[in-house]
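This document opens with one chain alone, in structure tokens, the form predicted on its own.
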């Protein structure tokens, strides 16, 4: 029995380790996203350059966690909630890595915009969207740490607001191009940046769906959020 207890404790430590590393990776990605937005707001080329060339740190964490998950699947053959944790972690780190890629993309575009000394009016809406998706990411990581499916649903619902902000930003940018043809190249850069931030919002929604799957054992990728909220309230969590 002592041997079985030892194995069980070691297994629990392995599961807790991948959870902890996901949160560490998420914290790094959130930091990169915040810095990329701050660099745009303040016109800081040094910060933008740092984030544009630092995505390898996120990539290395993804590979490390993915390898640990593969080892757990091979050696422990987890079942039920443990299996859902490993599968959810694999999905979440993939979305975090892509968020890191998009943050680097924002910084690369920022370097071009600063060099061109473009009017700040071009990217006021960009900053609003950027701060919105950053807060969504922060809240999603918090929901993962607390295993909170209800919070994940609330965060996923914010995608509607992000889409509205994205549409408004694109309309404004099109207006700038129509008013001054000389601005087209610069404005297209800003459009590229807005699109990157909108994609970050999409990846945060994916993370929320993975959290719901982990906690409730339910694949919710194609369900309306309102129906999902009512349905999950009536269900007891699976074992």
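Numbering follows the first chain given and starts at 1. All values reported here derive from a predicted model rather than from experimental measurement.
The same protein has a further form, the form predicted in complex with a further copy of the same chain, not shown here; the description that follows concerns it.
- For residue 66, a non-hydrogen atom is located within 4.5 Å of a further copy of the same chain in the predicted complex, even though that partner is not displayed.
- Remark: residue 153 does not count among the residues lining a further copy of the same chain in the predicted complex, judged by a heavy atom distance of 4.5 Å or less.
- Interface residue remark: residue 54 is not counted as part of the site for a further copy of the same chain in the predicted complex, having no heavy atom within 4.5 Å.
- The closest heavy atom approach of residue 145 to a further copy of the same chain in the predicted complex falls outside 4.5 Å.
- Contact annotation for the candidate site: 91, 191 and 199 all lie close to a further copy of the same chain in the predicted complex (heavy atom within 4.5 Å).
- The contact with a further copy of the same chain in the predicted complex, taken as any heavy atom within 4.5 Å, belongs to 98 out of 98, 138, 132, 108.
- For the options 172, 45, 59, 31, the one in contact with a further copy of the same chain in the predicted complex, meaning a heavy atom within 4.5 Å, is 59.
- Annotation for 15-40: no interface residues with a further copy of the same chain in the predicted complex [heavy atom within 4.5 Å].
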